[in-house]
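Here we start with a single chain on its own, the form predicted on its own, put down as structure tokens.
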């Protein structure tokens, strides 16, 4: 219901909508919980990043010493390098495979609905469960099969090789992430009017030409959304890495999230709070980029 609050020059009236109290009944509890569970801990973490706190007891302010130390720490630089490189490679693999599968699952094939259900199953399984299953496969089944076939490069577990362990992590992460990406691509492909393909076929366009000139351009927004969302999610990778390598061999597969959590238990609380603050700022930039992209897609 709208009410007139006061008159303006020219006979116009200023109208203000009356907000139903039910709105506040739903808004306030959620806002309080979000503040207590998200906002307040984040602000406390930023505060402690400027101290020498170990997570309990007394502490004193140390200024930006933690932040200066971060940029000169080879372990932290290695964690950022691994995480960003892993995220970029995984985004490329996931989107390439998911896009091809989405094209196949929207084609005129039999049992495509049943096949879609099969392909999305990995997304409902816990990441840590998937990691432990693949850990057994990479550590036992695959080396045994390679030994029986005489294929020497795989007779040793990939997870024990500091140069190849990241490949196993990319494979497992992609296996879990591809289903959700497929769903977005299927929605984008199905949104393309069938008349467009029929007109192209009448003009003599081959299937590959239709893919290049119709499917890819008209799903470009979905591709961009998948890339941004995937990159942001892969930067936060933790459970699959823990289940597969636990950051090893050595520290070759230690992600940013792992280095932050490990710092909470070895006396580096304030130091890793500074690390978490920088990581939060990076994620915030990506989130704003994602918001702009999704808004542009919604208004298109």
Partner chain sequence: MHPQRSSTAAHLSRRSFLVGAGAIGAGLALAGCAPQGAGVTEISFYISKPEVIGYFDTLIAKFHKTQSTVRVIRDSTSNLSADFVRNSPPDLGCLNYNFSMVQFVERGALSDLSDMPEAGRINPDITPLVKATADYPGRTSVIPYSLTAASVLYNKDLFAKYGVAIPTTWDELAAAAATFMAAGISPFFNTYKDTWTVAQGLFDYTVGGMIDIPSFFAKLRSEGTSVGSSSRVSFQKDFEAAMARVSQLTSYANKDAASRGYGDGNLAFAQGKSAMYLQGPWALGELAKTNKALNIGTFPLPVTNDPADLKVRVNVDLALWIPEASTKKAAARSFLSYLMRPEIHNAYNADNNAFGTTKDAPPAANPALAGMQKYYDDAAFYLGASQLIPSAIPVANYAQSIALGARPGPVLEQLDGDWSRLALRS
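What you are looking at is a predicted structure, and each value in this text was computed from that prediction instead of being measured. Positions refer to the first chain, counted from 1.
The discussion below concerns the form predicted in complex with its partner chain, not included here.
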So, 27, 221 and 233: all three within 4.5 Å of its partner chain in the predicted complex by heavy atoms, or not? no
Between 204, 150, 74, 193, only one gets a heavy atom within 4.5 angstroms of its partner chain in the predicted complex; which residue is that? 74
So which of 95, 215, 135, 83 gets a non-hydrogen atom within 4.5 Å of its partner chain in the predicted complex? 135
Location of its partner chain contact in the predicted complex, chosen stretch of 99-107, 136-144, 171-179, 113-121 [non-hydrogen atom, 4.5 Å]: 136-144
Please tell me whether any heavy atom belonging to residue 42 falls inside 4.5 Å of a heavy atom of its partner chain, as the geometry stands in the predicted complex. no
Contact test in the predicted complex: residue 54 vs its partner chain, heavy atoms, 4.5 Å: yes
Taking any heavy atom pair closer than or equal to 4.5 Å as contact, tell me whether residue 66 reaches its partner chain in the predicted complex. yes
Any chance residue 35 has a heavy atom within 4.5 Å of its partner chain in the predicted complex? no
Would you mind checking 145-171 for residues with a heavy atom within 4.5 Å of its partner chain in the predicted complex? 156, 157, 160
